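In the form predicted alone, a lone chain appears below as structure tokens.
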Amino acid sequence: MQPNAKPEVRVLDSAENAVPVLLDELRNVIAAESRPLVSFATGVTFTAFFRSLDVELKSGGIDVGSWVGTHLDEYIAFEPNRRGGMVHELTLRCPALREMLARGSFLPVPCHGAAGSLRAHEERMKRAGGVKLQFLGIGRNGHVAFNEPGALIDSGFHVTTLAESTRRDAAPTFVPDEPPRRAVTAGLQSILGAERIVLCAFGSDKADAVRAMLHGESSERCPASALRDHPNALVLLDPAAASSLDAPASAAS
């Protein structure tokens, strides 16, 4: 990592305008690498992207066999077909990924958290060449994946306890049940090991977290601030998410 690297920041006219950028990022890595490993964030930030990706995969616009997929995190005890789980929600938004899951070219995060299963997952990712492209979101408290404030930067995949603010944000998915309290997550070290990172943040409720990520103190209090140490990161914002920045770096339609 380069110690003073800064992410490229693009402020788009709207969140919808991020979709073609994200699809191009995927196409670019597929064109440049042989069966690259691509890791997804599964929050609602990426819903429109996943719907468009489903169209591309089903139409052959993006070859489903030309890359390998994985994701960042999973709730404890949520198997891929359990409602509310990350894989379940991902394949609801992008049903074409079920084919990859069925044939083993989508690598689900182990949901039970046993140390051996997490190390085995990391080994599978390593054998797949490591993550070439990592899509990320950011939580209102500055978390990335489920690395909540206070997370250590040198962590790999591990089990974590979710912040109450994170559980409140997830609650609508689980009504009438309570949202989970624990999850398996890629650690910050795992995330920063990706060759390319693309983070998206949309809406005014993300504005303070975006400012802390880009311009606040780089510390464990804002896990996303670790991205400032990555040499190949892109941050896509809409005007609302960029509203707390002093001078957004660029604008695009």
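Residue numbers run from 1 along the displayed sequence. What you are looking at is a predicted structure, and each value in this text was computed from that prediction instead of being measured.
Omitted from view is the form predicted together with a small molecule, to which the following refers.
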Looking at 140-148, 124-132, 77-85, 111-119, which lies within 4.5 angstroms of the small molecule in the model of the complex, counting heavy atoms? 140-148
Of Pro36, Gly193, Gly187, Gly43, which one comes within 4.5 Å of the small molecule in the model of the complex, counting heavy atoms only? Gly43
Joint contact, Leu72, Thr166 and Lys206 to the small molecule in the model of the complex, by non-hydrogen atom at 4.5 Å: yes
